[in-house]
Every structure is written in structure tokens, then in C-alpha cells.
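The data below hold one chain only, encoded as C-alpha cells and taken in the form predicted on its own.
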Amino acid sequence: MAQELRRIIATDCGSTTTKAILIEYIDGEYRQTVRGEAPTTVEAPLNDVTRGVINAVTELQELARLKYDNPDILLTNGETLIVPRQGDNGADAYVSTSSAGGGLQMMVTGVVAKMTGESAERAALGAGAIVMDLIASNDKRANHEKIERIRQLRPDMILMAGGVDGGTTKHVAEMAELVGAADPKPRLGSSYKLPIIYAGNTDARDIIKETLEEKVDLIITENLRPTMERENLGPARDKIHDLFMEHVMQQAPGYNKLMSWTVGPVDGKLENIPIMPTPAAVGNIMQTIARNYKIEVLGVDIGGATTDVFSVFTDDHVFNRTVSANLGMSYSISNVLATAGVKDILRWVPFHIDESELRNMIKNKMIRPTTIPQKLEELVLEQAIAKEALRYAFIQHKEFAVSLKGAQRQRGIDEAFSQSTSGETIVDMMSLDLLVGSGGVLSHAPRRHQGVMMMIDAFLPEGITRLAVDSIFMMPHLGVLAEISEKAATEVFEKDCIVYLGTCVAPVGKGKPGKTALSAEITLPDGSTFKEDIPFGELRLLKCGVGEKAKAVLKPQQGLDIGEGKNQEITTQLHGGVVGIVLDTRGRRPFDLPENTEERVGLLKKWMRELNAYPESILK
């Protein structure tokens, strides 16, 4: 494989920017060597996504030319990618992801919203879609409202689920009649029928065909909820990917040409590599990393308009993705204020500020979304807002990433839960191994310490958790690359994509102020020893660099738990990072900040000073 894949070009065609990277096989390993970007050109006046791709790869070409002293290493005459490689010129593979043109927009239907409807939503979200609406038999809307909703939204495709195999077909038939009556038209392209995937009760297939086959492009696949106890999301997700390529991409300007370019070796033969929706690619690399390293992973991508949360939990590596479409740091920043409220945002601000000043700052950011903070106070406010956006996106994710509702307790997936009731979240922060942050506010924080602070305060990790950020938002490229080479994807992820910030150690439980929460003895790589009985409500930061490990003996006190049970001592190794090792003894999740302003501001300043998050000028 190393000989077949010596040089790879990968692009991510975003809604505003097309990002290109060059990955090369150097000294026995894969590394990301060059990066370029250009505005995406899917809209007028160019109406051709390949122009943006060529412009981004041209930047790669210019940087690679300096490296290799070769004017045509990636492009021929600045217009055509040299794939497959010809001698020393060109690349062995070209892969791409896309969220241009609004990404993949879907509606899903189910019989019971919290059962088959939710399973359909999980399948669509996992395939990288934005779910515009969920329509179910029991969602309390009148039939004419549901029909009008389908007509108004004009999704790229609809996923229909409902019923377990061998169950009643009545409600599934009713949903088919609603969709048929709506006679939905696709968002892109007027000359073809809307694709509809049916992944419900197999006994209802003939009814579905009779009702919909003449009106839509009907695709039938395996039931995604064959029994109450089991989800089978894979076939539905595969069909969504196929239809994304065949229908949505075919209609988007320039994608036909781009699809003919994407090529790479599969089982020793050169084949076209399907373009993947950007969120699906991020989910793919998350699952690849979780599977290869046998760890549980939680990732977040906070953007200007939406916040995506990805997770892989339990021994079965159950993958979930949620999109908080109303939580973002520019276009949707006012929605964060409306969701969290002024009080919850200001509780993270270590100085006094008038409410109207905060509101003005938020409105200015919304109407000028590309601006960045000019003053230190504005940066602190923006990061306080980010904490609440991340916190609420994570709450929504935990509510969605659950065991199967309506199921009897079975041996298997439900063994991940301590309680026997169905519908419990599978997100267990105590067992989480790696927390990855992405998006401008996290990846481009002026100090990496600020990224650590935002992630710890928003996600409240428990036990022992490694923290990292995506250096340049490379995860989509690596997600689609994993389709042809997991080795290349995981090596670049580990060495160039992820910036390890360090490890958070957080004993959990109620503690009394002033009493010892954690007795720690940590031998650091430089030979020094940190030994302290840390009181409840404190933060400590220890220097421990990237690639370094510290030997630690940790004993939680006062009934606190660090992963092995209350008051149970553990001996372990803690990974370092660009920030280091954080010991967080604030205990209960979520912890309560004092109501008294002076007391709260004093605590915040102490914590921020300990984490070295901001200059002393703002913490005086």
C-alpha cells in the first residue's frame, strides 16, 4: 500500500471555503506536508465547484513546486489534476468531501417519534445529513400540516422507517399516503423524481411500492429497526451515501466533473472514490480512531451557524452524531443568548459588564459574522458564549444518544448502562478516553490553555480524559481517506491533525469546601514530584509536554470517584500535551458557581490564573 499510495490530494468543499491538503509517504510514514485553500465556487457567477478545487490545489502546487523544484508536480497547465501519478508528477489518489450548497438536507418519517422515528434520525445524521424535520404518526400535527411541511421544506431525499418486521402495517401505510399526497419536489434539479428510501417493516414493502413507486424514485433497503431490541442502520446509511452521489451531487454545479476526478486504489485497482458529505467524513475518522485504538471518543465541531457533536461509546463502538442547528458563534450567536440566557453567559465572565453591552456585542457579531475579537474583554465574552453553546449542544447530544426506547433489557448493548430502564444515554463521561474539539473558537484560540478551559467547563469530563483539538480542521479529509487507507488516515490524524492539549483528572461527587478532594503524587518527566492534598473546588496545572507521560498515584477523598469507585486509589500514567495535566477538584457535575458576584468573580479569576488562560491584566 505504501508503494501504491505515495502522494494523496484531499479536498473539503465547504459552503464558503475549499480546503486542500497534500499527504505524502515520507521515511516510512504518512504526513500532511502542504495545505492550500480558496473560496468555494458552487454559486453564481462561476457555478462550478471545480474552479474552487483547482484554485485550492494551485496553492498546493505553488508550495510543492518550491519543495520539489518542479512546476507541474500536481497540476498540468494549472487546469488538470495529475491523477494517477505519472513518474514523479501527480498524485496516486484524489479524494474529496463536500458540504457546499447547504450539504445534504433530509426529512425522516417514522411511526413512533421516539422509537422508529429516532432510529431513522440517527441513520440520517450518521450519514452526514441535516435533518430538517421528523414526521411521525404520533407527532400531534394534523395530516394537512404534515403534507404542507413536506412541500415547504423540499429536502434532497426522505428516509422512511416504521414498524418492526412482522408487525402491523397500518401506520406505515398512512405515512406513505401522506408523502404521496405531498408529491414532494427535490431542492436541486426539477427534471428528476425525489429519492425516497424505505427502511421499515418488510411486510409493508408492497404497500409502499403501490403508493409511491409512480411518484418518486423509490429505493427499498433493510429495516433499520427489525426488532425492538436491535438497530440496523448500516444499509440505510449506505443508501443515503449512494443517493447523495447519484442525485444530489449530480444536480449541484460542477460536481459531475469533480466526481470523475476522485480516484484511488481499491483492492489493487484504480476506482472512483465517492465524494462524502463533510460531517459523515468526520464521523468516519472518529469511528476509525475509536476502533483502531479501542477507545471511546467524543468530538465537537463548533461553527458559525451550527454545532456538530460526534461520539463513539460502549464496547460495541456505537456511533452517534447530532446537529444543533441553532447554536453557533456568528450567524446563530443570538440563538445561544436566547437558549442560555444572559445570566448563564455572564457567570463565566471574570469582570463586571453591563447586560446591554453583552447584547450589543452579540448582535454585532451576528450582523458581521467574519469579525474576530479586537479587545481582550471581547475575547473573554466570546469564549463565555462558546462554553454555553458547547454545553447545550452536548445536552442535546446526550438526550439523543440513548439505548433503544421500547426495548426489553437485553444482554449486549444495554450492558453499558448501570440502570435497567431503556432510553438511558450511552454517553458516559467517566469511561470517555478522548475529547476532541474543532472549530475556530477552539482550534484558533490565542492560547491553547483557553481551549482546555472551554472544553473542561462545557463538557465537564469525569475521571481521566485526554483533551485534543483539530489543528486545521483536517478531519473531513482524513475521514474520506480512511475509505482507501486506514493506515494513512490514522497516521496523519495522530501526527499532524490532532494537537494533544493534555489530560484532565477530575474526581466526581459532592465535597465540602476546604476538605481534601484528591491526594495526588505525580512524578513528572523532568524528575520532579508534585505531591499535594488538593482541597475541593480547585484547579491545578502541571507541565508535561507532548509525547511525555507522568506516573501518578491518585486517591480521591470525601466519597469522590475517579473511575474505580468512591475513595479508590489508582496508579496510572497521565499523558502530557501542549498545555499539560489539569487536576480539577470542583467535584459535582454540573458544579454550582456562587450567586454572589464578588465571590464568583474571585473564583473565576483564581481558576483562570491557575490555567494560565488569560494575561494578568484582565485578571487584576
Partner chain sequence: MAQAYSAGLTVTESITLRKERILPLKGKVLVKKGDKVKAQDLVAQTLLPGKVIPFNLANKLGVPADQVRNYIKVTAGDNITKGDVIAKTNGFLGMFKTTVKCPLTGEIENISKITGQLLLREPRIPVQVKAFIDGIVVDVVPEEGVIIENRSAYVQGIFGIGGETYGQIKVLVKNPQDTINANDLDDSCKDKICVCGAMVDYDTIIKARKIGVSALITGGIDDNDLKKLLGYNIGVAITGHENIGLSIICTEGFGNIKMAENTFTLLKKFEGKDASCHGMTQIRAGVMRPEIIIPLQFSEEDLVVEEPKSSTLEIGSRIRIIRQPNFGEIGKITALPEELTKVESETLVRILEAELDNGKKISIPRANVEVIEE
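Numbering follows the first chain given and starts at 1. Computed from a prediction, not measured in an experiment: that's the story for all the values here.
Keep in mind that the form predicted in complex with its partner chain is not shown, yet the notes after this line are about it.
J.: When its partner chain is placed as it is in the predicted complex, are Arg65, Gly234 and Glu424 each within 4.5 Å of it, taking any non-hydrogen atom of the residue?
T.: None of them does, since no heavy atom lies within 4.5 Å of the partner.
J.: Can you tell me if Met259 lies within 4.5 angstroms of its partner chain in the predicted complex, counting non-hydrogen atoms only?
T.: Output for Met259 is no: heavy atoms all beyond 4.5 Å of its partner chain.
J.: I'd like to check something about Pro373: if you look in the predicted complex, is any of its heavy atoms closer than or equal to 4.5 Å to a heavy atom of its partner chain?
T.: Contact with its partner chain, yes.
J.: Tell me, yes or no, whether Asn335 is in contact with its partner chain in the predicted complex, where a contact means a heavy atom of each within 4.5 Å.
T.: Result yes; Asn335 sits at the interface with its partner chain in the predicted complex.
J.: Is Ser431 near its partner chain? Define near as a heavy atom within 4.5 Å, in the predicted complex.
T.: Contact check for Ser431: no, nothing within 4.5 Å of its partner chain in the predicted complex.
J.: Please pick, from Gln86, Asn138, Asn364, Asn272, the one residue with any non-hydrogen atom lying within 4.5 angstroms of its partner chain in the predicted complex.
T.: Exactly one residue meets the criterion: Asn364.
J.: So which of Val318, Leu379, Met228, Val349 gets a non-hydrogen atom within 4.5 Å of its partner chain in the predicted complex?
T.: Going through each option in turn, the one that passes is Leu379.
J.: Pick the stretch from 444 to 452, 527 to 535, 461 to 469, 481 to 489 whose residues have a heavy atom within 4.5 Å of its partner chain in the predicted complex.
T.: Among the candidates, contact is made by 444 to 452.
J.: Can you name the residues of 292 to 329 that have a heavy atom within 4.5 Å of its partner chain in the predicted complex?
T.: Stretch hits, in order: Ala305, Asn326.
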